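Okay, so here's just one chain, in structure tokens, the form predicted on its own.
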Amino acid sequence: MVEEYLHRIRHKGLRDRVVSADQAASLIKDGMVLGMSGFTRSGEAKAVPLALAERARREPLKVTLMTGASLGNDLDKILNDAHVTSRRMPFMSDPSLRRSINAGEVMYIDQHLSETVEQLRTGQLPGVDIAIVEAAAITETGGIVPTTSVGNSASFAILADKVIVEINLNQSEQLEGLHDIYIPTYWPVRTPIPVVTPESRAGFPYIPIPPEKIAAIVLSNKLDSSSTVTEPDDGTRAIAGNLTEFLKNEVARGRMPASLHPLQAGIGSIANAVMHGFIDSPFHDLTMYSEVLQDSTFDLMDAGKMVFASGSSITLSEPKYAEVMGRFQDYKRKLVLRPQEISNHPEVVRRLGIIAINTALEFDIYGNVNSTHVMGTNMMNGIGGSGDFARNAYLSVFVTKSIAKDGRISSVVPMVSHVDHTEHDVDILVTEQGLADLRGLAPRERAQLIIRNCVAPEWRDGLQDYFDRAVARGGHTPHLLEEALSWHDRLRRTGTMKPE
């Protein structure tokens, strides 16, 4: 090993465990359960999965793959195309893997992101045979210093029989000290999680494991994939404006301070654009307690609007990544990365009074939200952490544009084709058309408000007609069962929800 890299492995007894990616991948056997680092395209192990895929092209090899969230560098595609992945959880977003899941070739378990390691820890899921974790360094005691994400890496490493560590030489050594690795105590005596503000630190700056569990160390140098965040457009700016006006009114009524409550935002262009809208808002001294820290997080810091952000990963566009890492010491004191079971834990979300802002594929006239399934059957992306936050937040907000596919689809429908978030977990719905505050409203009141405020004009009369005829038939939550999914059926048959 090149001498200049020795300082990355400070436990001298582990330096003789440096091997090639192929040698490390040879430890993985057919049928094993792998727990791999990676959360929303950042901090994933990069060399060993490629070696595993190459090996699978020569010999039959299938594994159950657990991660924190989605993987970058096309790893889900590469592993899927090599027929390595037989079972996948708890989140994915790759088109190739999505096709295999929807074809029934890969068994996919879609989970709330706070739940996976909890079920592992209590034996409700098969145990992890090998954990593969990307690191910036290994400490003198054998502790693993994560890179740009934590996700489920800590518990995978703690629970696994063996650990493979990938030291990424292109990940900044400045990342050390960024992380707060806290693992909840076990039943039957389980103590409260000591996170009382976004800035709280309760654990270690590294993953504490016995050094003898580290079976192999691999050197890698591939960077994280860049996010594909698009610039705000008229629609997302209007959504942000509608939400800003609502929050200004909440502050005026004394329901929250001008610094608001800690913010959470889902991944993706719409959520990122909505967060970006806070730059031009009157709010100040903002904090974030979320999963993914995107471009907008650092834009808000640069604008003097945000003072601290807690997450489980950092996922940035290429120019923003270069900018942030170029002056990382300026940001480091304002950041912390945690395990996802802590960043998403219901106890902490409820305690901190989070304002949760997540994206819907569609929602219906009563406030039920579909965020995962196209036409009720085809998986798009997993539910991710939105459910962890929606049910426990101080305010649960879902945002989407009112139409999709050049106006052929209404994002507001009589009944959603798949329910991820029930009406009981949804407080606020926002489109570019307006905002519906559903708090304290019965189903019939909710429907009228959603139709009036959130629906695109060309779809409003159709939804109002459906609702009026359903009300005439009666019921607490009126529906015409024979027509409830007729809009989706029409889309399936004709390519549009518009009447024939």
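All values derive from a computational prediction rather than experimental measurement. Counting begins at 1, following the sequence as shown.
In what follows, reference is made to the form predicted in complex with another copy of the chain, a form of this protein that is not presented.
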Of I130, I101, I270, A240, the one that lies within 4.5 Å of another copy of the chain in the predicted complex (heavy atoms): I101
The unique member of S114, S402, S155, S296 whose heavy atoms fall within 4.5 Å of another copy of the chain in the predicted complex: S114
Heavy atom of Q174 within 4.5 Å of another copy of the chain in the predicted complex: no
Non-hydrogen atom contact F308 with another copy of the chain in the predicted complex at 4.5 angstroms: no
Distance check, P60 to another copy of the chain in the predicted complex, heavy atom within 4.5 Å: no
Contact test in the predicted complex: R351 vs another copy of the chain, heavy atoms, 4.5 Å: yes
Options 330-338, 313-321, 204-212, 417-425; stretch whose heavy atom lies within 4.5 Å of another copy of the chain in the predicted complex: 417-425
Complete contact of R87, L125 and G387 with another copy of the chain in the predicted complex (any heavy atom, 4.5 Å): yes
Another copy of the chain in the predicted complex - contacting residues of 448-480, heavy atom within 4.5 Å: R473, G474, G475, H476, T477, P478, H479
